[in-house]
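Let's start with one chain on its own, the form predicted alone, as structure tokens.
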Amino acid sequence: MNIVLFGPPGSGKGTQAKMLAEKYRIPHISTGDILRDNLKRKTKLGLEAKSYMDKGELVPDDVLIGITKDRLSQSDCASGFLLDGYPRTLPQADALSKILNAMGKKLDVVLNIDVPDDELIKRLAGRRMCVCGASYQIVFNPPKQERICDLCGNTLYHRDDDKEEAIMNRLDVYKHQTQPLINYYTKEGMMLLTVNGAAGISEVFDEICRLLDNLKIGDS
């Protein structure tokens, strides 16, 4: 089962991706997580990406294409994968198609999580992160102790790209560069499933699983 997962910043697609990867036993490939790991380790790639990520802009295509090609070639992707955060532009979608064709693979389904802008802004402004990778939301999913991670005890931080100016820019970038991919995959005849991401985490997850199971993709 090969899946691409779409959703604007704050839609919860990262959370859903992890849950889906566990249920269907396929690797969750997040280019954002890969980039942030490089940023944390202060690699050349991480430093290159930081200036773009802090402003809510997209990292250049050539960087992400290289990361994705390398990841998809690894052995754990042989039985399927879930791409989260890639492709985000039409050139990236074309590159992904070429990568998969060269590997003798194809996408099975495109999942699209749809959430209104006002809900996205509220979610992102209240998001807090930990260096261990845990994520919280001060209203909907707060830590047990204010500003302290439940898992490791480190102090939570507010990502630069979750601040108001960057949020607005991220949503604008998404609308102009990523949403056209919906039309791209529709024209390609790809199976496209859209779910309402404004519902609770478990409700969204159950709906996605229902749609996938009805298509029998999980049995492939």
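For the two forms, the rigid core is made up of the largest set of C-alpha atoms that agree within 1.5 Å on superposition. Keep in mind that this is a model prediction, so the values were computed, not measured. The first residue of the shown sequence is 1; numbering continues from there.
Here the subject shifts to the form predicted in complex with a small molecule, a form of this protein not shown in this document.
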* Asked: Of the residues Met53, Val195, Leu156, Leu171, which one places a heavy atom within 4.5 Å of the small molecule in the model of the complex?
  -> Met53
* Here the chain is shown alone; which of Ser97, Ser79, Ser73, Ser135 has a heavy atom within 4.5 Å of the small molecule in the model of the complex? -> Ser135
* Please check if Gln92 has a heavy atom lying within 4.5 Å of any heavy atom of the small molecule in the model of the complex. => yes
* At the 4.5 Å heavy atom threshold, is Glu165 in contact with the small molecule in the model of the complex? -> no
* Residue contact check: Glu119 to the small molecule in the model of the complex, 4.5 Å heavy atom -> yes
* May I ask you to check whether Pro27 falls inside a 4.5 Å heavy atom distance of the small molecule in the model of the complex? => no
* Superpose the two forms on their rigid core, then report whether the C-alpha of Leu156 is displaced by 2 angstroms or more between the shown form and the other one. => yes
